[in-house]
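The chain below stands alone and is given as structure tokens, in the form predicted alone.
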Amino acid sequence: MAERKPLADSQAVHDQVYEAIRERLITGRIAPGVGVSLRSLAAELGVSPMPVRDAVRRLAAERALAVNPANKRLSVPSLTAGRLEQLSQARLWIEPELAARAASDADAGLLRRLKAIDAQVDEALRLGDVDSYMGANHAFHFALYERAGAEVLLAMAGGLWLQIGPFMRVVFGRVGADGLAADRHAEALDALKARDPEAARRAIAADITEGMDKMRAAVEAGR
């Protein structure tokens, strides 16, 4: 394996560390139920514990991480049925609205970018490549949502993905590529091509519902 390059030792190191840990949560590389020490995470990132501690405080405030007061180890908060229901509802309020707004301003450049990302999603599913799937699926959704020009809604969607990313990874690992429903990205792309906000809203809502239903089944199976 290639040696990991330490993060730059600069004034912006705290933000770099925050983004690095955030990316690990979104793609599920910090697994639910597994405690991680600040020191080990700092060593992995090639920084001192101080910026990691700062990033963890920010992520704990966003409910993406919890810190055990007894041993200071950090972990992903548990996903109860009630919390999952709230996350699902919040996603259905926010993300389809972002998609609908983006459809009104879609252009050929956005379509090309999304098609290229969706090809990466399909290839990752074909190979059963969890890391690539998680990264490409997130990239597709947020390349779409960013076009909406709605910064408040976009920030809220980002916070929701921080909380569900680790559990999406668990679902993918349990059901495998063959058990995942076909995504609704193609329907979303058709809606963008037609500049049809309501069709884009429906496609993303269906994508969210199907994914969250699988997560709900995984939570129930783990009881």
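Keep in mind the model is a prediction, meaning the values are calculated, not measured. In this text, the rigid core denotes the largest set of C-alpha atoms whose superposition between the two forms falls within 1.5 Å. Sequential numbering from 1, following the sequence displayed.
The following text describes the form predicted in complex with a further copy of the same chain, which does not appear among the structures shown.
### Task
Answer for D54 alone: is it within 4.5 Å of a further copy of the same chain in the predicted complex, judged on heavy atom distances?
Contact check for D54: yes, within 4.5 Å of a further copy of the same chain in the predicted complex.
### Proximity of E62 to a further copy of the same chain in the predicted complex, heavy atoms at 4.5 Å
Although a further copy of the same chain is absent here, E62 would touch it in the predicted complex, with heavy atoms inside 4.5 Å.
### Task
Decide whether A108 counts as a contact residue for a further copy of the same chain in the predicted complex under a heavy atom distance cut-off of 4.5 Å.
No, no contact at 4.5 Å.
### Query
Quick one: is R83 in contact with a further copy of the same chain in the predicted complex, heavy atoms, 4.5 Å cut-off?
Contact with a further copy of the same chain, yes.
### Task
Run the contact test on R58, K72 and V152 with a 4.5 Å heavy atom cut-off to a further copy of the same chain in the predicted complex and return yes or no.
Every listed residue reaches a further copy of the same chain in the predicted complex, so yes.
### Message
Within 4.5 Å, heavy atoms only, which of M50, A194, V34, A43 is in contact with a further copy of the same chain in the predicted complex?
### Response
Checking each option against a further copy of the same chain in the predicted complex, the one that comes within 4.5 Å is M50.
### Query
139 to 147, 123 to 131, 110 to 118, 83 to 91: which one contacts a further copy of the same chain in the predicted complex at 4.5 Å, heavy atom to heavy atom?
Every other range fails; the passing one is 83 to 91.
### Query
By the 2 angstroms cut-off, has the C-alpha of L189 moved between this form and the one not shown once the rigid core is superposed?
No, L189 moves less than 2 Å.
### Task
Classify L59 as shifted (yes) or not shifted (no) between this form and the one not shown, where shifted means its C-alpha moves by 2 Å or more with the rigid core superposed.
After core superposition, the displacement of the L59 C-alpha between this form and the one not shown stays below 2 Å, so no.
### Query
On a core-based superposition, does L162 travel 2 Å or more at its Cα between this form and the one not shown?
Shift at L162: below 2 Å after core fit.
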